[in-house]
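As structure tokens, one chain now follows by itself in the form predicted alone.
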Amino acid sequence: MASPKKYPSSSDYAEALQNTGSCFRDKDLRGGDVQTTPLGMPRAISGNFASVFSVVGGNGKRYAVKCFTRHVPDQQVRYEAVSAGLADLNTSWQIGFDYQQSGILVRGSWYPILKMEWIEASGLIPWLERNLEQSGAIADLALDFADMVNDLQDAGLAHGDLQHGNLIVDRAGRLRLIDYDGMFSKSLIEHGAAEMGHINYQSPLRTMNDYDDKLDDFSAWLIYVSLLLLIEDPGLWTEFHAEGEEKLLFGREDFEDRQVLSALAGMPQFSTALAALETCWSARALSFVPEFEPAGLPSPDEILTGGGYDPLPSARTVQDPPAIPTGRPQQVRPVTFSGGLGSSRLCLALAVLGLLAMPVAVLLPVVGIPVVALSLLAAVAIAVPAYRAQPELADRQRAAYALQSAREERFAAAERLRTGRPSPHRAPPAAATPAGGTPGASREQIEIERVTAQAQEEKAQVTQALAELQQTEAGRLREALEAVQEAHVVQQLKPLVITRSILWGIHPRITRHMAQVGIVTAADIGSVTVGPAAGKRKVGLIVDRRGQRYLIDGLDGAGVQALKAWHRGEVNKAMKTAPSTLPPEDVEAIRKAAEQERQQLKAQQAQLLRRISIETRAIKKRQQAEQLRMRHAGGGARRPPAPPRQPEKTARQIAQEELEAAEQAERRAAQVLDSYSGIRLDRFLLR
């Protein structure tokens, strides 16, 4: 084993991973395909003291391989204890992992790796940004989060770093927890804490001496309460979360300066949730932070239905997935090389030359051996780069990734069929098809779409304006600098009187005519060219700095060229002394104005999110009241017979159809990949 003092860097691991056949011991990873950058190097996802690489093993399954860039003395013991602690849970939020003490060979030494299940998922912050309008989806996520924390508590475990970066939502709509490096287990008490956790999610009282099953209480309250607040008012995200911030709604600074919490203090609907955070923050010691027990807060379902309305549509059931063609798959033609024929012919000729020179090498070694060696080396030197430059290689790699994605979608569909969880893309069947509506759309949904359409359009415009504001700010800075430079140039040109300059072809009569129209100094000239006059004669045309155009009688081609060259030369000299940057006060003023616009747009965006949520809930409340009224009315008035309805598919039938479609898509992707079987070096040469 290598010395623990110095671990490889991310680039060292990337270099070793170029040959997975020799750097791995694991049979699944050995010879696998590593995801690469556009330059062909293994792509690393760098984090704290580790780099993660995506590897598709020989079994077709994708893995995340975590390579450590620092030595942790008891790392193996920690992972073994965490693995034992999680073994009996068997929950949906877990990520499978295998710690291998001698997992990867780098420059002659073996180093540990963590082989993990690869999850196609979205980070918590990007997921929230896409689903702010789907309060039902956030409610589902909050329930999953609470269940996950309770699972850890029941097992006597603590994650130690609950934060947005370690919470992901997979393609089946499930919350997943990653990064178990700093977990607490009772068997690890003597080893102590391995890390402090993300500062925005930890109590300021936490130290490296704190290591018990209460590590997650503060961060669990913080995340859970933030989710509850977003269910109640999605506009809070736009108001309190800036792009790129490492937090949800509240971070360490928000608790310290109190501005955010004070802004919410006067809103009674948030009082219970905020009181829970206040209790956590004001605790005298970490042991006084209340144990995470959300029963004292309104549940996500109560927040959704507390106003007498049904839950908002879940983001897990937004729309049907894209239709996948059914029936017999089309045959895919084998792919052949489209270029590089000249290179392959040259390589083949060199190889043949080398082979023909072998008898000469036997008879005349001094001459023959160099000819054979040079011919073969030249063939290899030309063949390999030419082969790697063929676009079909990149297409084959994309086909392999497409097959892997299709295979993962099949795994997810099979899991949904087994567990009965709904597809994250499919909407539940509607209760009826109203007149004038689209099949499968309820009257309630149609009214929601109609009422919120304008707000959605305004929201899209605000979002676009926010995206363009950065470019607008840069344009304003550029225009302001150009104005300052132009003013400097004009100031430098004002003393340069035309009559005092010796210019070829510019006679006193011409300068008098120019003076009559206000052209006296170089500062009065914007541009000089030739313009039409009476008949076919051409005369000089001067455009001043205000854009006014003047035909100067007597100013011919030679005079125009002389005046233009003089003016351009003086402008260039003045520009060399012009300021290259704006004064700091001007920059600050422009940026302050842009920031005010940004805050106004964000406030408008928050108001629109709030309006969409309120209007959606109001419609649901009216529909519920109408249904209740009709039930109470009983048989008072004869209702028209309901139109015949198609039998609704059960969730299992839907899941079965999705699985069949995923299997067909996988077969199609495999067929496409098979069509690249001829893309090999030998086929490239022997054409």
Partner chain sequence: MPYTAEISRANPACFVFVVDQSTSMEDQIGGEFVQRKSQVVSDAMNRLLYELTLKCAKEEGVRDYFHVAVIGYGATVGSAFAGPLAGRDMVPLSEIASSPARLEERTKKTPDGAGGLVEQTVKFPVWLDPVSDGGTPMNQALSKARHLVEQWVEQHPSSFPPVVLHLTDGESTDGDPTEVTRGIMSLLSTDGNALLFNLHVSGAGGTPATFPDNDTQLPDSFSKMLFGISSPLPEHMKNYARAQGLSTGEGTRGFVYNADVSSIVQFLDIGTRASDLR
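For clarity, a rigid core is taken as the largest C-alpha set superposing within 1.5 Å between two forms. Worth saying up front: this structure is predicted, and the values here are computed from it rather than measured. Positions refer to the first chain, counted from 1.
Form predicted together with its partner chain: not shown, discussed below.
The candidate spot formed by K27, K214 and A276 lies out of contact with its partner chain in the predicted bound form, as no residue has a heavy atom within 4.5 Å of it. Its partner chain in the predicted bound form is approached by H198, whose closest heavy atom lies within 4.5 angstroms of it. Using a 4.5 Å cutoff between non-hydrogen atoms, A44 counts as a contact of its partner chain in the predicted bound form.
Contact annotation for T581: at least one heavy atom lies within 4.5 Å of its partner chain in the predicted bound form. Using a 4.5 Å cutoff between non-hydrogen atoms, Q607 does not count as a contact of its partner chain in the predicted bound form. This chain appears without its partner; in the predicted bound form, the one residue of E595, D301, E80, E246 with a heavy atom within 4.5 Å of its partner chain is E246. Contact with its partner chain in the predicted bound form, judged by any heavy atom within 4.5 Å, is made by just one of L601, V560, A121, C280: A121. Heavy atoms within 4.5 Å of its partner chain in the predicted bound form belong, among the stretches 103-111, 511-519, 232-240, 81-89, to residues of 103-111.
With a cut-off of 2 Å and the rigid core superposed, H488 has a Cα displacement that reaches or exceeds the cut-off between the shown form and the other one. Comparing the forms between the shown form and the other one, the C-alpha position of L582 differs by 2 angstroms or more, with the core used for superposition. Relative to the superposed rigid core, the position of the CA of L89 differs between the shown form and the other one by less than 2 Å. Between W237 and E588, the C-alpha separation grows by 3 Å or more in the predicted bound form, relative to the conformation displayed.
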